[in-house]
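Shown next as structure tokens: one chain only, the form predicted alone.
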Amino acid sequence: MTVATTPPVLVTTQESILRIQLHRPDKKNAITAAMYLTMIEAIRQAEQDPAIRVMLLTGAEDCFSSGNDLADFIDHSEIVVEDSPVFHFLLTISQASKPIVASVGGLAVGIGVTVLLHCDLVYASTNALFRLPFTHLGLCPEGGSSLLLPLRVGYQRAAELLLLGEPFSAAKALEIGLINGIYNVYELEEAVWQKARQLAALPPAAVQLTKSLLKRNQAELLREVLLLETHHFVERLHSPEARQALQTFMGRKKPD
């Protein structure tokens, strides 16, 4: 087993599986530009290494990710969208040819949910809690969710999740088709490893071709949507409405 540690993202290789673990517990695995760059490099490494057959994306038992680190995002929001780490990460993960399995424990918020739409198999623990709070923060959907979520769960359910932004359980995520299965907290890690091993044991060219065929109709449109969403997201971050909502969210003042 080889291990390359790059806090706050841990990248490890075991058997033929490359594991990407968000590891920023003090910030509930909120994702920064630097973390996106690390994950981009890890995915590219997996794509180029014939010994790697599967990627596994995970967090901690009690928190997968609380979403973007908004303070860091604002600091980097002057970067041209096409050059931004988050845009390149979303393109990279959406275009990956090898299968990606996600393991979700505890909190999954914002891009902690939308990134799952780019994974091929997603499993969650019984304590998982999902939320897409964009409207509450004066923001808009990101991660391709305005396209992929309706395709995955249907328009009405997607509208409910994105417009109302209410938390929902692992049971609901399974019911609407956002995830593939639920395990007890202490069972999740081993269960997901077993799924990843199953994939890794299959003929790799057949697996990658199957994934390519499943996604063949959405690649160009998804790139267009990712670009559009990211432009609007950055604009919203600088809007008075979002600024007030974010101040309220951080407990600084009550909304008008």
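Being a predicted model, the structure only gives us computed values, none of them experimental. Sequential numbering from 1, following the sequence displayed.
Although it is not shown, the form predicted in complex with coenzyme A (COA) is what the next lines describe.
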Quick check on this chain: which one of 183, 134, 130, 89 has a heavy atom within 4.5 Å of coenzyme A (COA) in the predicted bound form?
134
Out of 37-45, 216-224, 192-200, 66-74, where are the residues with a heavy atom within 4.5 Å of coenzyme A (COA) in the predicted bound form?
66-74
Touches coenzyme A (COA) in the predicted bound form: residue 53 (any heavy atom, 4.5 Å)
no
Proximity of residue 173 to coenzyme A (COA) in the predicted bound form, heavy atoms at 4.5 Å
no
Would you check, heavy atoms only and a 4.5 Å threshold, whether residue 144 touches coenzyme A (COA) in the predicted bound form?
no
Wondering, does residue 30 line up within 4.5 Å of coenzyme A (COA) in the predicted bound form on heavy atoms?
yes
Checked 98-131 against coenzyme A (COA) in the predicted bound form; residues with a heavy atom within 4.5 Å, sequence order, are 107, 109, 110
